[in-house]
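Only one chain comes next, encoded as structure tokens, the form predicted alone.
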């Protein structure tokens, strides 16, 4: 395995995330307090949390938590679920378990950086780009053309980070069928599932479509609970899950016991939480629409299909990198420029930036952004 490169997003955030006055590029929905989450607990789970023994936990994850997670799928049992310390650990270990030197992977771009840099450190990787000129469409023919005899994995993410794209259900089902036809594992990052603007566009979960597919999810994004650091992979290939469990022995070994109980509470109350979070995004979107409408010569804006991030185009003459740098330095407004999402696999747009639409009360940040724009244009 070659040395991994700097994680551009986390490096950028380490400089600005907690010092910028207006965090306008958050990838998660507005979180809640511990008190608010415990208020959603039933008596059994509240008692379990209050009387919790702070010892080691099961490497696969709390059995009761895995039962709750399995109920989210149509064809999975608790034995088909393994929990991790967030989605990043799950992604990292899955790539290392599934891929070796001499293998080949296909990864859709743009993406969360680890989705391509971890496979690239292990084997050959081919990128397939979403097309920004066709509403970020995924061309399945390009996926087919990229598949080789040694292809072991196809990695996708819908709703997509950073574009907010959701492909059609028909295309997603065909993608799963294509992977099965070639004996390939479909690795599906589903961390924004549940935040589709049109619930009818919610995709099936990959683990329900194929025994070989892996569905990645986490409490951080759609539920807005990143502080819990609980993610999971659901896969009906239990031999593969055993390999993942063995790999986890070299990283976290087991998860935080308090976090697993809190995650169980959150997932039992997920309908309530997701309803609240979708309502928050629906309330925010007109504010963002109004801002971008005020500057039509500077921005090309389109609301995302799902998730809580969008990827507008910046049309200003100085370019998006200088725009984002000056904005955070002079107005304290944090956005993510396109360089964070550049890819070694495919060309990616250089005139985009990520903006978050899922935090409560974005008016203050939008006001600061508006004032800066008017002062500098």
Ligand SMILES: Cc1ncc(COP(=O)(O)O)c(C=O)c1O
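Model, not experiment: these values are computed from the prediction. Residue numbers count along the first chain shown, from 1.
Beyond the structure shown, there is the form predicted together with the named molecule, which is absent from this document and is the topic of what follows.
Heavy atoms within 4.5 Å of the named molecule in the predicted complex are found in one stretch of 195 to 203, 75 to 83, 153 to 161, 251 to 259, which is 153 to 161. Remark: residue 112 counts among the residues lining the named molecule in the predicted complex, judged by a heavy atom distance of 4.5 Å or less. Contact annotation for residue 277: none of its heavy atoms lies within 4.5 Å of the named molecule in the predicted complex.
In the predicted complex, at least one heavy atom of residue 220 sits within 4.5 Å of a heavy atom of the named molecule. For the chain shown alone, residue 229 is a contact residue for the named molecule in the predicted complex, at least one non-hydrogen atom being within 4.5 angstroms. Checked against the named molecule in the predicted complex, the residues 175, 99, 93, 191 give one hit for a heavy atom within 4.5 Å, which is 191. Note on contacts: among 87, 186, 266, 108, the single residue with a heavy atom within 4.5 Å of the named molecule in the predicted complex is 87.
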